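Here we start with a single chain on its own, the form predicted alone, put down as structure tokens.
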């Protein structure tokens, strides 16, 4: 690294001193904290994104958002060239530079890391980073800090994409690196055109439920509601009413996280909405849940969560693959029999996992965290992942997409196989509609809507796919959460010695009992999740296991 570059880094970093006594860690959500503490961190993430661009020779992204957190918080995360999250290999470096105490320490870390990663600051393609932010008042100043971090790498270019949803920013990074136009208009055009294609491919004779023709969406008073209110004008065959578009407080009594956790209707919804199909986005529009308001039960709802969304998607895609394979022996179709897989975490309701397995689908579990789900889903020709909180997507492998396009062209040239040709067309349209970079509430919502119309289903019929097992989540305060070590996708506790055997003894007392513990990634608590056939049983199982955790590690349940 030349002296000029070193001096620019030191001088720039001096303008953004880190807050004293604050240590941040880069996780699935990136860095997240009270917005007043983040200016230095966001500046340094700008540097990291530029270095990642230099390393890969591709465009990267920086998104300023705290998703479903309260409005006083904010956060920052990096979009890798694939459009996905920052590679896990770089997370330790992110932690190190965010917590470097002074400019000289920061410079030394960068020099050492650049040498280790063989990053050249001269002669190659200049770094390029796309920047976006949500609607938080703190976003503009933090985005400016990110820009200054990017520009502290000589020659680096930071392009402000404006106020966007998190999935839009990720989609734009992926698009740029695939030689496509990266803009909000191109994003909306791709979604609307693929949605229109799927609507045109609905089977004839499907009866539409006239009482279920309007979708009412809670926009969480965030960026997603504003975008959807604009985008809905481009959609035909779907009537959308958007509430909580930004007039109220972001994420306060609204949004997917609130609705999914509290199982109550968001602000602005009430008894008059009973019978309507409703959905909630979260603050940055990367989560989606559906719900219907119960009649004469105050704010109680029937929740249709991410597990049910996953099940609907899996059902539809499995049907299209079955149509494609119809009439062909396995031997005849050995050239490409798509490997469809479903990825969940241990937090997925056991009833959903049973339903998916009964469909004959391969279901695999990963540790909690979207980065693990996404990575595992890439191992399939079609990988579907969702968390119960409504964050998930569908991934199509490049090899399968190429085969599908070739098969589609072949079917178009023959008089037979019109059903197969339509199935191939539907799968290709799904691959364009769904955001393969990251979970996207807007694209997910459109896919739900078109499948419901394809099936001729109301939200009530959809919700009857299976009935969730009652569950309970608790957390136990502990002195050292690292004392709990898990295996088998966090379903088995291998440390402390003996605790899993004690948990198994409690589980055995309940019909269809299931329970696991895992350490929190952010605070000194151990989380407990329990299921059983009744709510009382689930509550009792969770409480007894929480007591075990307290006995083995100490110091009280919350």
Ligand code: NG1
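Treat the numbers as computed from the prediction; the structure is a model and nothing was measured. Residue numbers count along the first chain shown, from 1.
Heads up, the form predicted together with this ligand isn't pictured, but that's what we're talking about next.
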query: Proximity to this ligand in the predicted complex (heavy atom, within 4.5 Å), stretch among 431-439, 266-274, 384-392, 220-228; finding: 384-392
query: Among the candidates 500, 28, 58, 491, the residue which, in the predicted complex, approaches this ligand to within 4.5 Å (heavy atoms); finding: 28
query: Heavy atom within 4.5 Å of this ligand in the predicted complex - the one residue of 410, 108, 473, 378 that qualifies; finding: 473
query: 4.5 angstroms heavy atom contact with this ligand in the predicted complex for residue 461; finding: no
query: is_contact(residue 425, this ligand) in the predicted complex, heavy atom dist at most 4.5 Å; finding: no
query: Residue contact check: residue 372 to this ligand in the predicted complex, 4.5 Å heavy atom; finding: no
query: Proximity of residue 170 to this ligand in the predicted complex, heavy atoms at 4.5 Å; finding: no
query: In the predicted complex: members of 58-76 within 4.5 Å of this ligand, any heavy atom; finding: 68
